[in-house]
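Have a look below at one chain only, the form predicted on its own, in structure tokens format.
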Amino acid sequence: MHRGKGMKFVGDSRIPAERKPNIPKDYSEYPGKTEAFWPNFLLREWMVGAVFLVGFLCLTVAHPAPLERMADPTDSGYIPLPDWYFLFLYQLLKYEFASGPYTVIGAVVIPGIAFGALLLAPWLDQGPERRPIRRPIASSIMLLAVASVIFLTWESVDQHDWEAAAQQGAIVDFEVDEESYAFEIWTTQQNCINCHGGDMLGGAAAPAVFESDYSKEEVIDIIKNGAPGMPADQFEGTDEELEILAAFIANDGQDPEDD
């Protein structure tokens, strides 16, 4: 364009004499390799995102989040399991080279190298080709990452004790007979209430007193001698009251005389 051609001089500004519509560039010279970001590419991305969003919403309605019993910080035997998208990292921490004194390797070093390699992939292979076979470095990194995630996720799912996990997290409803004399005895035991709650159904410090199938004699022994995480000699009452309360606990919160 020659200097000044097609221009109107307005002071020190130059304004095009004719306003042209904003027409996307012509990509016909590169068929199948590139396209306009707006609206072609972005519209397609929005449509795919909308389909996945509706799918996730349907899943949340059809399969609500599973709820477990109240968390017990004193339960050292609890089998944890993270969400599915963290299972591969969870499995990595089970191996000797990435656990125990080497936890930093499994939690920071290895994931850092893996994600760092994915971030550097565009700079490691800057060729114009888009076919995976023509981009060996980027394709190899991606395939290795996908294979590792799938393998570690599968190992984590395969090694998890699903039956034990379902039992430990099951919510058990107990109907405590609050009219019973045994429950009246319980309300006078402040040491027990502080951990197991006034309703005997547990709290943040201890589980419900009915969660284990103990006999009357076993309950008495635990109350007198204590248990892991539970001190001994916390009951303040007579031996007769202890037997009544132990029978009440062994009978899952119901008066044995009513059975």
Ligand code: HEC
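Numbering starts at 1 and follows the sequence shown. Quick caveat, the model's predicted, so the values are computed rather than measured.
Omitted here: the form predicted together with the ligand. The next part is about that form.
Legend entry - All of Pro80, Phe86 and Ala107 with a heavy atom within 4.5 Å of the ligand in the model of the complex: Checking in the model of the complex: none of Pro80, Phe86 and Ala107 is within 4.5 Å of the ligand.
Inset, instruction - Could you check which residue among Pro228, Pro64, Pro39, Gly49 gets a heavy atom within 4.5 Å of the ligand in the model of the complex? - result: Comparing distances to the ligand in the model of the complex, the residue within 4.5 Å is Pro228.
Inset, instruction - Flag Ile223 as yes or no: does it have a non-hydrogen atom within 4.5 angstroms of any non-hydrogen atom of the ligand in the model of the complex? - result: Answer yes; at least one heavy atom of Ile223 falls within 4.5 Å of the ligand in the model of the complex.
Legend entry - Contact test in the model of the complex: Leu201 vs the ligand, heavy atoms, 4.5 Å: Heavy-atom contact with the ligand at 4.5 Å: absent for Leu201.
Legend entry - Residues of stretch 177-199 in contact with the ligand in the model of the complex (4.5 Å, non-hydrogen atom): Stretch hits, in order: Trp186, Asn191, Cys192, Cys195, His196.
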